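One chain comes next, on its own, written as structure tokens: the form predicted alone.
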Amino acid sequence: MTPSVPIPAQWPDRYGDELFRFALSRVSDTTVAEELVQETFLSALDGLATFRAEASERTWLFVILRRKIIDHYRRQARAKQVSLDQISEGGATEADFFNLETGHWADAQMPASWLNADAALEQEELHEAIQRCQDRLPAQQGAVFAMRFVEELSAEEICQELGITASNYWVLVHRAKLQLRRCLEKHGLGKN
């Protein structure tokens, strides 16, 4: 049973591994995940007097870590931006993928189904490929994508956290999806 009074000296042994795995699943960088867990412990220590035991010590630490991860995404989003044309090898633009009149995928660029990736090994490989491609996104796109599709925050929350407009948010999500698709296809997924 969790004691009602937090014991900071026990946090690393009791919660360190679990917090690290949680952070790593969201940032995919061991050094960053370790730093986030350390920052979580320091913030919890600073705020120990405010702990009211309304939730468990574990839950309280995870709430702090989640805020630290969002702060990480926010810092990442403020990093220097690189345009889609600068990072694409062939210089393709969004116009190469979409029908300009309808805004839908161009026939030649229509995404193929990935339903054949149902075996556990294929799922693991797919997850690793998605993670590698996600890591290659420009910082702001990566932050928006992670906050939306990993943290499952609403568009309004993301805009508020990152200080961006709704239209900017949608552009970033759109470009992130496009970049991920191109990256996954480049690695043999999604094309027949």
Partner chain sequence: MLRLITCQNATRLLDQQPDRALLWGPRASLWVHLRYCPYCKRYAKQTVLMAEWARAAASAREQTGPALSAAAKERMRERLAAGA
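The model shown is predicted, which means the values in this text are computed figures rather than measured ones. Residue numbers count along the first chain shown, from 1.
The protein also exists as the form predicted together with the partner chain; that form is not presented, and the subsequent description refers to it.
The closest non-hydrogen atom of S25 lies within 4.5 Å of the partner chain in the model of the complex.
Using a 4.5 angstroms threshold between heavy atoms, M110 counts as touching the partner chain in the model of the complex. The partner chain in the model of the complex is not approached by F51, whose heavy atoms all lie more than 4.5 angstroms from it.
At the 4.5 Å threshold, heavy atoms of H127 reach the partner chain in the model of the complex.
When contacts are defined as a non-hydrogen atom within 4.5 Å, all of R21, K177 and L180 contact the partner chain in the model of the complex. In the model of the complex, the residues of 33 to 49 lying within 4.5 Å of the partner chain by at least one heavy atom are, in order, E34, V37, Q38, F41, L42, L45.
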